[in-house]
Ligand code: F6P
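We begin with a single chain expressed as structure tokens, specifically the form predicted alone.
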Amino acid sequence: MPKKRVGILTSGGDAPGMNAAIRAVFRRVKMISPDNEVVLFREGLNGLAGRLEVNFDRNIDRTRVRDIIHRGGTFIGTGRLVELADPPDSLQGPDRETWLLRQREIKDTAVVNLRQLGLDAIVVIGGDGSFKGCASIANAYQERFRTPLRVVGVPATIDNDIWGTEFSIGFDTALNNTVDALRKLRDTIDSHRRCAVLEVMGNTSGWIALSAGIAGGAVTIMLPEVPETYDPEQVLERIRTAARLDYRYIIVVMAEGVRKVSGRPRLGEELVRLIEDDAQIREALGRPLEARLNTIGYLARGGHPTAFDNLLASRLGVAAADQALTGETEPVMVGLVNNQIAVHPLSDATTRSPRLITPDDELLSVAWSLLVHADQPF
């Protein structure tokens, strides 16, 4: 087999397990043939489209990826280049031209860097924005040099919203971190008999909120995809019921994206005031219910990856390496479907993402069975 040269970059938001994916790609590429070379790009797409001599490591050996499997984040760094996307419709005139000029500069630099390195394929570990960016660069590469460049996507985002895979790298760790925070919060509000509104990550999708709310025993869950879940009156009604049923702790889990889709950027603060001022809750308890707003934020994506995330990253990394070395040219993404590795056209993953919670989702049905209801018969 002729020698192959494969590039790896991590892009977009960091996700625990990215390091395990890098390690798996490297080891698989080298296991197939020790003559194969691996190139690591630093700082994500910024490195790919930056000054080459300070933004890549070429022909690395096994010591470079030793002991990284246990570390959170990504040891080669990550970053975004928003200009690789089409300019927003709101951007017109000179600002739009500036955006497009910057986009051309990024692509020109990136394709020259790729040509100088002589890569046969590039593995991008990240989300759909990263996949789109690399696919755009690969298209520019083919137009300029009349030679295809294989792009292999590995889904890594704590939001778990990539189409074509049931789990993305980092989600399980973020979920466990969120549930851990919820449990610690429960200890103190149980002691004081209070209510907590816990805002968790999830800008467009509510997978973390939904899963953490179920696993942590929340009274109700507010999801960007389901408008009735963030109706303040419906949220209050569930809390009133919990107060009447003598709950000592009441936890409301709210995905951060709810603020945007509801058009109420201070919805969490509004809920706290509504809860504390509610006459029905006061009557049920004989006093006002104190409420607190808590935000997990970036703590959810930090720390050591869970065993599940490292296992997932290892499986997807090996599959990505195999795809990078096939000699095929079409961009693809590897994912996990029914606990089996699946390979999809990258265009399917980018056009059908984000993967959102749908009304018929089984996990949503589970949540409705377990949350507090005003008319529950027990």
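The numbering used is simple: start at 1 and walk along the sequence shown. Just so it is clear, the model here is predicted, and its values are computed rather than measured.
Beyond the structure shown, there is the form predicted in complex with 6-O-phosphono-beta-D-fructofuranose (F6P), which is absent from this document and is the topic of what follows.
Problem - Position in contact with 6-O-phosphono-beta-D-fructofuranose (F6P) when the complex is considered in the predicted complex, options S211, T165, T178, T157, heavy atoms within 4.5 Å - result: Exactly one residue meets the criterion: T157.
Exercise for the section: Just give me the single entry in E225, E237, D278, E256 that has a non-hydrogen atom within 4.5 angstroms of 6-O-phosphono-beta-D-fructofuranose (F6P) in the predicted complex. Expected result: Going through each option in turn, the one that passes is E256.
Problem - Partner proximity in the predicted complex: M201 to 6-O-phosphono-beta-D-fructofuranose (F6P), non-hydrogen atom cutoff 4.5 Å - result: Yes, M201 is a contact residue.
Handout entry: Distance check, R80 to 6-O-phosphono-beta-D-fructofuranose (F6P) in the predicted complex, heavy atom within 4.5 Å
Key = R80: yes, in contact with 6-O-phosphono-beta-D-fructofuranose (F6P) in the predicted complex.
Practice task
Answer with yes or no whether P354 is in contact with 6-O-phosphono-beta-D-fructofuranose (F6P) in the predicted complex, where contact means some heavy atom within 4.5 Å.
Solution key: No, P354 is distant from the partner.
Practice task
Within 4.5 Å of 6-O-phosphono-beta-D-fructofuranose (F6P) in the predicted complex, counting heavy atoms only, one of 144 to 152, 112 to 120, 297 to 305, 263 to 271 shows up; tell me which.
Solution key: Among the listed stretches, the partner-contacting one is 297 to 305.
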